[in-house]
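Form predicted on its own, single chain, as structure tokens, below.
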């Protein structure tokens, strides 16, 4: 049994709804379908969820929502009409419009795109509709995974197949709550884990993960398979196809996730698994992110001063700044942080560091980029770090800092931001390009 989630780009118009039905008909095991709200049809278009949020803002200010809500009505009417389901959602659209104008909550309003999309898809596929409010359970404003698992099994185990809205659920009093944007992936993952599915499929508008950002390496090859641990490393460093946190329930359950392209359903995409597999090349992917600052503290005999690092990190903690990496030496400590968090508090942080540990010197540098070279098999092959440093150095790129993750899953280089693209290309050429 497969749980298949279709994102907003896969449901943007009637043609995409038709594509979804063909995909489902090609594999009867795709029984439980989780859908997002219709996304953009082109760059000039708007997502249905964004339109609904704009309606909530208008209603909150006491203004009429119709100029915007009419666009939502037209989007769904156009899809329904083209599918031969004229007027199917008219009553629902009218009731939702009245509710929003009457002061419905932000969560209720934002979730109605998924609700309407699932109603329409269920009718189009002739499958049962099951409201996510009966499945995803929230307590104290947070998703209750155990209660959700019980509700899913209790509601869905007795029926073969259903269409379910993503992105939202409800609390014990019936109030609607939403997950973070992209939460339909989490909805599908919770359902797949609770039902012990064989596979979770995420259908979107990209053909899986690529070994590097195609804006940097235009011909970057697709990754056939990677592990959830590799996914976490790559998504943290900017790979945006899927965030590991969104599918944590299936990772915990050991259920693989497949990233597929609705517009190219014959392509196998990328499969994400719990256990590593032997593969060539040993580097799975390369990802980079700009916007870091480094704070370098030097103090003679620092290593003899018990608690030195703790005192420094306590300063950042008091200011609500998380550190990204912490390279150290005998008499030096480097703290890497996001510039956006550090810059507004720079003077206060540096002053408190001086008061806390009396360093001999402190200097900061901005415009640092981090580049992660990720692969489960990298450290099974001797000379990986040497090849990496050589590849970057031969391009005349200075390495500002370097960190080999304790997990032996990645090597992270710090370079000047202007060298980010050049660094990614150098590593790609050395390890992946054939």
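Everything numeric here is computed off the predicted structure, so don't read it as measured data. Residue numbers count along the first chain shown, from 1.
Beyond what is shown, the protein has a form predicted together with a small molecule; the following relates to that form.
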item	value
257, 204, 109, 184 - the one with a heavy atom within 4.5 Å of the small molecule in the model of the complex	184
Contact residue in the model of the complex, chosen from 387, 47, 400, 30 - any heavy atom within 4.5 Å of the small molecule	47
Segment assignment from 387-395, 22-30, 60-68, 36-44: heavy atom within 4.5 Å of the small molecule in the model of the complex	36-44
